[in-house]
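Given as structure tokens, the chain that follows is alone and in the form predicted on its own.
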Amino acid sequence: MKIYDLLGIGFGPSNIALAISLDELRQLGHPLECLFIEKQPNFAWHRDMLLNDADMQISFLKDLATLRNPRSHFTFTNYLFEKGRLQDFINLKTFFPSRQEFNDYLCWAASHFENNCIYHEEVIEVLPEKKGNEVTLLRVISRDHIGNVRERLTRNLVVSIGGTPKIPDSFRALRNDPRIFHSSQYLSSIADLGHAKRIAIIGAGQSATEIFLDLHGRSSELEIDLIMRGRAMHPSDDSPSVNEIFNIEFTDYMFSRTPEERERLLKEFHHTNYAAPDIDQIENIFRILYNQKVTGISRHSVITNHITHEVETSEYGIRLQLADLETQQIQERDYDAIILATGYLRTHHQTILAPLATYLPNFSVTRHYRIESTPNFKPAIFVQGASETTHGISDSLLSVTAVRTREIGDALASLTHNEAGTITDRRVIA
């Protein structure tokens, strides 16, 4: 069986950026035979949240390459040049392209690596391949869309699978009800619920506000409740001083802190990324609610300081029991659909790597994103987007992607393979 130097699980922005970084290394004389496995039928970036008029919350300069190599073919600027839109984009006078355009940029970048990616195939397990008492290779098992199982061997692995929907406890038993769905499934799910008139959105972040505004513009007959545990919507803090926490240097600072100090930093800067929509989204919603007072026609409401206490479903609809966090009083409201804009969990890599848990104690990650392993485990396993608690809030965002993939690429280039296929690390990956 063919042995790859690197197999990548997932082919989203992080692994596309890694493919670019490895291509740069190849040009410098460090070729690695790589393959990426992606469960989607083709590339798409948050396809169910590509809403009209939704813009990026991050500068286009934090693309797949610029912060690592501004001269790269794969910068957003060069993408615009090749598409014939560079001058027009300059005339827009913005750092924040639409989400649809940035998705097109990512599709364009991904298209350069079609020979290095298998789409419509999901990795279901990673097993150890032993030689004596040592694990020398990894056997990656995947299943394609028609049920065929494939096995591949690799010397190294990178897991970049993004987040999995975070479902509140009160909704977990109903996660298969098509009337209750996560924001990551918004466009495809709402298209199947054309009859819905009363809709609740649970959450207070960017996704929640974008969905609220999208639904408001769809039909004058829709009634929408935005339900959140906070007392108010807090805008994201993107001031220059605060934004320095997304700088590359802050990753070193964060990693050097004690666990207690890291926890304090994550709490201090929570509202730079979580439950923090853009100020213009908040203003648009406030304007809609104010106009309701002017006209006397009340369609929508924002319900603050409440959590979902209980959920009941029937063929006629969904009843939420909402608990006031201050008074503990319960109110009941009926809906045709519930949208959970409740964020993501980033621990699914541990499930995929569960057969290797004996060799990966606590799934601890080094500064350069390699999972720490026992001495008899030779493959290098890297993770992207799953190290916020040690590397900072920027870890799941685009901010550090270009530089992070250089660090992973450099670590991979430092690995040499002996004739038996085992790995010798020329340097300590700290």
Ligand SMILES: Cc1cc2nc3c(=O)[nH]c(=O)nc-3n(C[C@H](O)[C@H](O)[C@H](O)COP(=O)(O)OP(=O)(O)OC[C@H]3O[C@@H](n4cnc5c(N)ncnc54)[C@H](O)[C@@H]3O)c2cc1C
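When you see a residue number, it is the position in the sequence shown, counting from 1. Everything numeric here is computed off the predicted structure, so don't read it as measured data.
FYI, the form predicted in complex with the named molecule isn't displayed, but the following is about it.
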| property | result |
| --- | --- |
| Listed residue that, although the named molecule is not shown, lies within 4.5 Å of it in the model of the complex (heavy atoms), from 32, 397, 365, 67 | 397 |
| The named molecule: the contacting residue among 311, 123, 213, 228 in the model of the complex [heavy atom, 4.5 Å] | 123 |
| Segment that reaches the named molecule in the model of the complex - one of 281-289, 115-123, 130-138, 315-323, heavy atoms within 4.5 Å | 115-123 |
| The named molecule contact at residue 205 in the model of the complex, heavy atom, 4.5 Å | no |
| Close approach of residue 14 to the named molecule in the model of the complex, 4.5 Å, heavy atom | yes |
| Contact test in the model of the complex: residue 245 vs the named molecule, heavy atoms, 4.5 Å | no |
| Partner proximity in the model of the complex: residue 251 to the named molecule, non-hydrogen atom cutoff 4.5 Å | no |
| Stretch 177-203: residues contacting the named molecule in the model of the complex, 4.5 Å heavy atom cut-off | none |
